[in-house]
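The chain below stands alone and is given in structure tokens; this is the form predicted alone.
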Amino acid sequence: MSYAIETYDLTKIYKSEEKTVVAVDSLNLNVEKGLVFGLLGPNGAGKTTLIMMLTGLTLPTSGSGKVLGYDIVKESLQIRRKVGLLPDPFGFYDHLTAEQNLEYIAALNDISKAERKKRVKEVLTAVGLYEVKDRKVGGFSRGMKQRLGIAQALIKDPELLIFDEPTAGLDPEGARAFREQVGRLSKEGKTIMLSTHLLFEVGPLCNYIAIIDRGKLIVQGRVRELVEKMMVEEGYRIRVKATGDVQTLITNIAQLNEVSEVKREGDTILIKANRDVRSDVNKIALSLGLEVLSLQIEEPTLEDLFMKYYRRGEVAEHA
């Protein structure tokens, strides 16, 4: 198995005269290459501290980790050469143009002068900012600065991209543009890490997630597998639309052993069951001479997953 990110009991403790804060608490993560990985948690969960350790910007108190196979302490320079980071805030020079900012960042990354111009043009074009390359960044909107942030993360053609709260403060159009950009990068085979508490904006992009709170890992896994597990644990919700004597259909469905509840909601029937009973419902409808117009499982959303495991973590914390 080839991992982009792996941590082993990774811990970061901040100490002052007044208090001790465990920002990241014995974290064990394994993220395969090529995934869009969502690091999810409320503000203060330890997400940014984890990113700082993974990119060599702060040292762990204990534990260890690797990024793209490199040790986060001993080989942080190699990591920074292969990782593109979109921090929050962005940290551009407002008195420089978009092009000048990127040329400066390219120089810091030891990109040759001959290659620099080419790379800057490529990434500005990729994020839709080439036409405004000569404008000073101080006059850019939040959305434009965010796109420039993606451009600087791409400048060294990284294997792994890490975006910290990438849609915070963006308008709906800016958030949509970001999601489209991530989709394109994912198709190119990049591994992308999205650290956020704004699940509804970037959550649907993720095919692998880890939920953390107060520095502790609550759950991690492929979204598809977690969704299926949640349906098995909490039951299936199935919506049916059919023509004809719907009340007779409801009565017959209610007699299935696996069905815990069945009721009418508007023009649909809502079924709650401890397994997928769609084939049974279809057979019942056919036997009654009814036409089934639609028969769909309502799958849990990423928000449902987050609340399930986040609440479970809270219960464990106070147990």
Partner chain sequence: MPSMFTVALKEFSDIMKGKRFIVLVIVFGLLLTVAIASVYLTVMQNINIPGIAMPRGFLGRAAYTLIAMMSYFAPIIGLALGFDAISGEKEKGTLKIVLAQPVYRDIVVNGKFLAALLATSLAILVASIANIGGAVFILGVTPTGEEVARLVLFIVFSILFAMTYYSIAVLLSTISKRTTQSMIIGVVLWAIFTFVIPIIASLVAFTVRPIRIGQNIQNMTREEMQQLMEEMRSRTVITEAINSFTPNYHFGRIAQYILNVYTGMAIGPRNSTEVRSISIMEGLTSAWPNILVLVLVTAIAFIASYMIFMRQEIR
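Numbering follows the first chain given and starts at 1. These figures come from a predicted structure and were not determined experimentally.
The same protein also exists as the form predicted in complex with its partner chain; that form is not shown, yet it is the one meant from here on.
Q: Quick one: Q146, D171 and F200 and its partner chain in the predicted complex, is every residue within 4.5 Å by at least one heavy atom?
A: Checking in the predicted complex: none of Q146, D171 and F200 is within 4.5 Å of its partner chain.
Q: Can you tell me which of 255 to 263, 271 to 279, 286 to 294, 48 to 56 lies within 4.5 Å of its partner chain in the predicted complex, counting heavy atoms only?
A: Selected stretch: 48 to 56.
Q: Check each of F90, Y130, Y236, F140 and return the one that places a heavy atom within 4.5 angstroms of its partner chain in the predicted complex.
A: Of F90, Y130, Y236, F140, the residue with a heavy atom within 4.5 Å of its partner chain in the predicted complex is F90.
Q: Here the chain is shown alone; which of K117, R135, R81, R176 has a heavy atom within 4.5 Å of its partner chain in the predicted complex?
A: Contact with its partner chain in the predicted complex is made by R81 alone.
Q: Report yes if any heavy atom of Q100 sits within 4.5 Å of a heavy atom of its partner chain in the predicted complex; otherwise report no.
A: Output for Q100 is yes: heavy atoms within 4.5 Å of its partner chain.
Q: Is it the case that V232, even though its partner is missing from this view, gets within 4.5 Å of its partner chain in the predicted complex, heavy atoms only?
A: Flag for V232 set to no.
Q: Can you check whether E188 is within 4.5 Å of its partner chain in the predicted complex, heavy atom basis?
A: Outside the cut-off, so no.
Q: Does any part of S195 reach within 4.5 Å of its partner chain in the predicted complex? Heavy atoms only, please.
A: Flag for S195 set to no.
Q: Taking heavy atoms and a 4.5 Å limit, what residues of 92 to 125 are near its partner chain in the predicted complex?
A: Stretch hits, in order: F92, Y93, H95, L96, Q100, Y104, I105, A107, L108, N109, D110.
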